[in-house]
Every structure is written in structure tokens, then in C-alpha cells.
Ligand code: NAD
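Single chain ahead, written as C-alpha cells, the form predicted on its own.
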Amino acid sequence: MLITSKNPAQGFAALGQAKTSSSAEIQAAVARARRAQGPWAALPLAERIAALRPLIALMEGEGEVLARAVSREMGQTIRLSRAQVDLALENFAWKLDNAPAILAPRETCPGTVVHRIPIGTGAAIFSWNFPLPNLRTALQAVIAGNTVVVKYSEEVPLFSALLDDLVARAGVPEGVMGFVTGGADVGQALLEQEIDFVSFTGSADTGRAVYARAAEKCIPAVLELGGSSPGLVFPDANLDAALPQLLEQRFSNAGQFCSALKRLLVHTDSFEEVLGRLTTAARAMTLGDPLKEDTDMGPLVAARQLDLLEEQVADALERGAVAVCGAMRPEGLHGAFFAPTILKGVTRDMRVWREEVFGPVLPVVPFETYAEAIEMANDTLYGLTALVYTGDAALAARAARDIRAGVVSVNGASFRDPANPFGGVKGSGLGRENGVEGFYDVTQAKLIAGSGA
């Protein structure tokens, strides 16, 4: 069976085809990974790192190829694709450079040492929205001595094939990082294999199913799931600094990322100004071919994503919300395009509030008191990220403490440094990616007490 990759910016024109992995091919990929795991883990960490550096160098040399592949296949603007390649390579290099210190044996008391040892062979199932950065957990696992079989979303099969080729060209030992291709059925088949852990990036619904299967197998799981991230703008916020950041946090990548701003809560003193200035900026955005340098926003990844977004917006409008701008497919563009949309009059019974909205739609809702803002911010099944804007340091610290999220950014501070653990609470997942915690979640502690520890 073949998967046809389609260009969401060019009327869903075919870009190429990739073969869906058969049951036998999935089994063989896991078997190769299991055979490779023992010898790979037996190598000194320095040798594993040395074996992986050529892959990072090759990715850097093929950076433009990788960026253009993402832009064609899932619609990310070429400027963002290039930035994401750079971000991913910085992340990967940090892992290689810092692994020796993080994974070093740690003495807990005289003669007793904790070693971080690999878990074994893992399944790494990743989404389509940031294909190269999403590889970070798999690379972290491999550095630590695990082997992985990677499955990307069926929306980016050509990018997956490109990575598979780069891994082979870089001389990474066979079986250390393998790839299988296909949809949900391939992911399910991969989970049924003899694996020792799973890393999953994707929707909350699928993540719960993955976690249930991991629990049945009694294996650990790292789950980076969805989000409905609130942004809180207090009356003393610096709007000149905040508004460009809020615009980017909602409309970058056409709103298709888990940690994106999904609900903007603005104090009544600033509400009309924030609404007006965001609306003006959203209307000025250039939509179109993601490969053009001046495009601000490309399409959604696929027709099904566009259909879901339209259903969510229609539900809000039918229940009384007002579209200040957007809420339509722009004229003259053929593909999965949806205009940047700002909604007011949003209530909590609407799907745009209750569900994760994976597209360029921003509800803007007023609040009057601190307690009201925090209650609304926490009124979600999710808890991935949150944004707080205020000139009051004490208020910022209080809000960051009271919001239930794995990550809180104050006044636009970046949390993307690879040293920072990333992950959520509640329905946004389990475990952490990046940083010390990321290495710990793809290894296990082994205590050795006594002579030779």
C-alpha cells in the first residue's frame, strides 16, 4: 500500500509516494533494533556520541533540503522551517555535549553509586507539525544507549524517508535508529512489538490510547500531548512588547503547535486596545505559498485539519461568538488555508474553549479580577504552557505558581533552551523532553552498593 504525500498549499497536488510498512517490515525493524541495542549500549558513551556527530553534521549540511521538505509537505513557511532546523540542530548538539555530565554515575553515599542505564528498545511515534525538532526525544534515547524505531505521521512520509536516508548516510549503526511508515494502524502495530518504552508526540486522545497500551505492557512512556495554553494580560502589561509575541504565539505555523497560545485572557482595562491592535495585525498578515520568503502564514497540514477547524469555529459562531476578523477560507488560495481569526464573545460551552484548536483561531476573553483570570486559565483539560504579561514581578510569580501548567513564560521569556525540561500536566502528557529530566525519562536508575560500585 502506498501513501501519497500532498502539498496543502497547492490544491493538494501530489508530491510523491511512500510505501506503508507491512507487518513483516515492522517486526523486522524492531528485531534489528533489539539486536543492535546490546552492542550499542556496551559502547562507551563517548563512542556513541562520536558515532552520532556525523548525523548532526550531515543534517546541518542538508539544512535547506530539510527546511524545504517540511514547507512543501506540511505547509510551514520557509522562514520558520529554516529557524526550526537551526533550533533542532542546536538542541541535538546540546544533548551530545551535555550527556557525559548528566549520565555520569552519581555517588549517593560512600561506596554506593547510581548509574543511569538504558531502558532498551523503544517505539518513537511523532506528529507532523515540527518534524525535525520532534526527533529530540528519540535522539536523547539513542545517546543514552537505547535503540529506537521511529514512526512519523502519515502527513510527512517523504520527510520521514529523508531522515531515514540521512541516518544511513551518516553511518549510524544499523538498527540504532530505524524508521517505519504509515498511519495509525502502523503505530498500533509498532506498539504491539517487543518494545521496552514508548515516546509519543501527538493528540491527547491518541496519547491516552498509547499510554493504556504501555500500561498493559508495564513499560514507561513519555507523552507530549495537546494544549489549550492561556495567555493572561494584566492591566500593567507592556502591550508594545507583548502584542507581537502574542501574535506569533498564536499564528506561527498556522497555529499548529501544542504549546501555542490558544486562549487570550485580557483585563477589561486593556481589552478593547488589545483586541483592536491584534485584529489590525492579523488582517495585515500575508497568506500564501510557504516557500515564498514574504509569506507570513501558510496552510494547515491537510484538508481534514481544515474541516475540523471550520467545525469548531462554526460552533462558536452559532452559539453567539463574533468573528472580529477571519473565520473563512481566503479567496484566491487553493489548499488548506484558513484566514487568521480572532473571536470575541466566546463562552465556555463552545468547542473553541473546551477543545484544543490546532489552527489560526484566537478567542479573546475579558476578565476583571485576578481570581477570575486564574480560574479561567485553569478551566481546561490541558496543562502544557501558559503566558503571563505584567510589570509586577510579585504578581507574575503568583500567577506562575497558581496556573496549572508544565511551563509558564513571563513577559515573553523563551523556554526553548535545550537545557529546559519541556512537558505538561493534566491531559497534556507525562514525562519531560530535553534537559536533565529528558535524559532521566529515557533511562532507568541502577543502584550498585559495595565494592566496585
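Position 1 is the first residue in the sequence shown; the rest follow in order. Everything numeric in this text was worked out from a predicted model, so none of it was measured.
Here the subject shifts to the form predicted in complex with the named molecule, a form of this protein not shown in this document.
Engineer: Report the stretch among 75-83, 108-116, 366-374, 145-153 that approaches the named molecule in the model of the complex to within 4.5 Å, counting heavy atoms only.
Structural biologist: Single hit among the candidates: 145-153.
Engineer: Is there a heavy atom of Leu225 lying 4.5 Å or less from a heavy atom of the named molecule in the model of the complex?
Structural biologist: Result yes; Leu225 sits at the interface with the named molecule in the model of the complex.
Engineer: Whether Ser203 contacts the named molecule in the model of the complex should be assessed with a 4.5 Å heavy atom distance threshold; does it?
Structural biologist: Judged by the heavy-atom cut-off of 4.5 Å, Ser203 is in contact with the named molecule in the model of the complex.
Engineer: Would you classify Phe358 as touching the named molecule in the model of the complex, given a 4.5 Å non-hydrogen atom cut-off?
Structural biologist: Phe358: yes, in contact with the named molecule in the model of the complex.
Engineer: Test of understanding: in the model of the complex, would Glu433 fall inside 4.5 Å of the named molecule by heavy atoms?
Structural biologist: Taking the distances in the model of the complex, the answer for Glu433 is yes, it comes within 4.5 Å of the named molecule.
Engineer: Going by heavy atom distances of 4.5 angstroms or less, which of Leu191, Leu275, Leu162, Leu103 would be at the interface with the named molecule in the model of the complex?
Structural biologist: Exactly one listed residue reaches within 4.5 Å, namely Leu191.
Engineer: Note which of Gly178, Gly187, Gly335, Gly383 lies within 4.5 Å of the named molecule in the model of the complex, where distance is taken over heavy atoms; exactly one does.
Structural biologist: Flagged contact: Gly187.
Engineer: If we check the named molecule in the model of the complex, which of the residues in 266-296 reach within 4.5 angstroms of it by a non-hydrogen atom?
Structural biologist: Residues within 4.5 Å: none.
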